[in-house]
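The chain that follows stands alone, in the form predicted on its own, written as structure tokens.
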Amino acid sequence: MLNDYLLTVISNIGMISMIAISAYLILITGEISFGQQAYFGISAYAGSIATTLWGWPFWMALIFGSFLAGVAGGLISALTVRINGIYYSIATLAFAEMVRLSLLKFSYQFEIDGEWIGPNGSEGFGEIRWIFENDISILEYTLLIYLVLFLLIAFIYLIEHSKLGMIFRMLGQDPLLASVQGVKIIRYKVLAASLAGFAAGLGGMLYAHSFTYIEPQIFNVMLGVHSLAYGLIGGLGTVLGPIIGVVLDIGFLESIRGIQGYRMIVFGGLMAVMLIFMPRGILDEKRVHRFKKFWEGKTHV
């Protein structure tokens, strides 16, 4: 029987997988973003305001928060699309810090039942009580998280096996060749960033309602670094790659009590080893291709 602690870990894996997928979408287009936590936070606040203060249905609030995050992702990409490499990475980090610092000053509260509810700057945003008001158990909410994750994975899988996915990877491998072949680089990079922002937004909204309390410090640079690392560890050959990275960190390393005090050191060491010996991750493009050929051979026997 799953206890509440185990369900919390499992639900964390699901929610953080969404921001890891977000960073993965940017990676396959050839850029490195240290700012995906900004979209995670934008949706967390926007979606929580929608359910807690405006009384919106959960699913409408989820789409609303994720949509805002997607719009923000596309806008920042449009403003920074002509720079790349370390300059792009710094720009995304600067935007994320701007969002975090803005949330430290952001106050928007309503009086409900004699109590002031809503985000209040550095004091955070508590009383996000949709789960309790609707009598949702931890198990039910975990299943809801994985339903959203499954739909996201299925959507990204369809993209990866379409012309759009091919264009995204072409941008990451040889943008000059893509341009020569008539690919509108700016258009597709903005589209990828918008999708990435939306994916991170799904996780942020779910995170806020899972823990019922959020504060700006949650959306700091370490969340962005981890989301990026998950894709680099798990692999850039498939959307399942970043999820493997999340499971290794949150699922495996957190379960080993003997290294609890050294978890970040172990994770950093694992990251360094992976970059040396498997620079494209465990499930890189070559391994995914070999697995597909092996599977096709098995199914045709």
Partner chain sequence: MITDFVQNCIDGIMVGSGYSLLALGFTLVFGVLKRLNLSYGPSIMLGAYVGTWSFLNIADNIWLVLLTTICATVVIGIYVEQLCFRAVSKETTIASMVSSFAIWMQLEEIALHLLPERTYPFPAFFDSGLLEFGPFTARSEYLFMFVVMLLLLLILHAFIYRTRIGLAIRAYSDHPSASAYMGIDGSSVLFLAFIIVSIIGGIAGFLILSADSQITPFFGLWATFKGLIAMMLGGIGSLSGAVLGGLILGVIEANAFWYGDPVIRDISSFMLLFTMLIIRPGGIFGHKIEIHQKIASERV
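In this text, all values refer to a predicted model and were calculated from it rather than measured experimentally. Numbering follows the first chain given and starts at 1.
Keep in mind that the form predicted in complex with its partner chain is not shown, yet the notes after this line are about it.
Of the residues L228, A208, A193, I145, just one reaches its partner chain in the predicted bound form with a heavy atom at 4.5 Å or closer; this is L228. Exactly one listed residue, out of I112, L104, V71, I136, brings a non-hydrogen atom to within 4.5 Å of its partner chain in the predicted bound form: L104. Residue contact check for F95: one or more of its heavy atoms lie within 4.5 Å of its partner chain in the predicted bound form. Proximity of M222 to its partner chain in the predicted bound form: non-hydrogen atoms within 4.5 Å are present. Contact check for F34: a non-hydrogen atom falls within 4.5 Å of its partner chain in the predicted bound form. Contact annotation for P57: none of its heavy atoms lies within 4.5 Å of its partner chain in the predicted bound form.
The stretch in contact with its partner chain in the predicted bound form, judged by heavy atoms within 4.5 Å, is 75 to 83, chosen from 208 to 216, 193 to 201, 127 to 135, 75 to 83. The three residues L232, L236 and P279 all sit with a heavy atom within 4.5 Å of its partner chain in the predicted bound form.
Residues M264, I265, G268, G269, M271, A272, V273, L275, I276 are the members of 264 to 278 with a non-hydrogen atom no more than 4.5 angstroms from its partner chain in the predicted bound form.
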